[in-house]
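One chain comes next, on its own, written out as structure tokens in the form predicted on its own.
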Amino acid sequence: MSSAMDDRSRLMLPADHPLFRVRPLALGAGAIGLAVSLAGALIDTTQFFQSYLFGFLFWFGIAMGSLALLMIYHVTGGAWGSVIRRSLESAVRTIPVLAVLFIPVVVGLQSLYEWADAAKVAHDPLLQHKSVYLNVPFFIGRAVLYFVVWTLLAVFLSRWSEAQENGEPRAIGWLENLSRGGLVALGLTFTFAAVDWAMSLEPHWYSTLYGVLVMGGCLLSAMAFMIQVTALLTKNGPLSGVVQPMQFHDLGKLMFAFVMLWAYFSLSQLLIIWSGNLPEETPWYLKRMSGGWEYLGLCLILFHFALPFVILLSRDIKRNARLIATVALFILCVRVLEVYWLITPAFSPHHARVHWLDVTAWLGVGGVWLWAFTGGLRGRALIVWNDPSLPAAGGHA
């Protein structure tokens, strides 16, 4: 382990690594997906914006979950974070790209949100009451503030990580202190972003648990994605022989914890709203329990919680890189369905449906995001050689 840490160049991805070979394919798929989606906008503009929002929020969730995980690691330490730290940093460095990808959402505000349509607001007393907060200029201003905060966190986390690797003794303290305050800032800004971008799709409904529910899902998405990347870097890359079964075991346990965390938040919100039985709260669930959406909800109970819960109880599965990566890929696929279940019934409350633009928009945003993510791994050692958690990682080997 120590000899691997001494040789930084050995821990850099070679130019012919599968991740870099996939990079132009990802960009091509993203370009094609966005081009086809824009062509679809000429046919159905409203559907384009609805599909684009779904695609954007899924990939955005991986970046935000990665930002949270990275700061949690800097505060708590642990061998689990030392092996995915560079991948997490690469994910958070995509935030400026996501800011650009958010522009179509701003353009389509009136097609997406009732409160952005002056004609609807004029005939709805509740929307008029909420217009102090839910109005277009304030919405855009808040979005700019969110991305500024997240980008600054990403920049300094990356910059001070490089300083740490270059021998700056104060960098570890900088990263820890930044992460302590950053987690508070992220919690606040992400909660408001979840309310603005997702919950306000149905402005007559509200839930105080919605922000943490969405964040719990983002943490799960990020961990599932990181496990797949780490498994790939271990099988076909410089982390072979560095990441040991115990590190995969730790990552698997964290993914197991996030599965339960998501289930806890989801069940808590359902029980509170259903027991309260208030007419301004229950319609959100009534939409998702009829018209075919109930079958997707059942799939989430079975495949987002029950099946992963049972599988991840196995110690052997969590210690096997190939098996835990397969479970992580399955969970990430189900995460797509969960985001779809959260967003799309707001636009189609009476019947479940999948539009072809949902697929192309998801592919378009995802291709561009994966291109940016893989680019962030270029020219950097995949392990910070003087990370204080590395002795613990070695001790697990």
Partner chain sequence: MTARVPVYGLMAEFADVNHLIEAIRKLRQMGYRRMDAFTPFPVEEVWEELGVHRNMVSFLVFCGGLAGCLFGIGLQYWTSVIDYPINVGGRPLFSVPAFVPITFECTVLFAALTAVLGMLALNGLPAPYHPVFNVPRFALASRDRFFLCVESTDPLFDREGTRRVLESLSPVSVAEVPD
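Because the structure is a prediction, the values reported are computed rather than measured. Residue numbers count along the first chain shown, from 1.
Only in words, not in the display: the form predicted in complex with the partner chain, which the text now covers.
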Leu267 within 4.5 Å of the partner chain in the predicted bound form, heavy atoms: yes
message: Taking any heavy atom pair closer than or equal to 4.5 Å as contact, tell me whether Ser275 reaches the partner chain in the predicted bound form.
response: yes
field: Residue contact check: Leu313 to the partner chain in the predicted bound form, 4.5 Å heavy atom
entry: yes
task: Spell out, yes or no, whether the shortest heavy atom distance between Leu271 and the partner chain in the predicted bound form is within 4.5 Å.
output: yes
Per-stretch contact check against the partner chain in the predicted bound form, the hit in 96-104, 228-236, 313-321, 149-157 (non-hydrogen atom, 4.5 angstroms): 313-321
query: Quick one: which residues from 353-369 get a non-hydrogen atom within 4.5 Å of the partner chain in the predicted bound form?
result: none
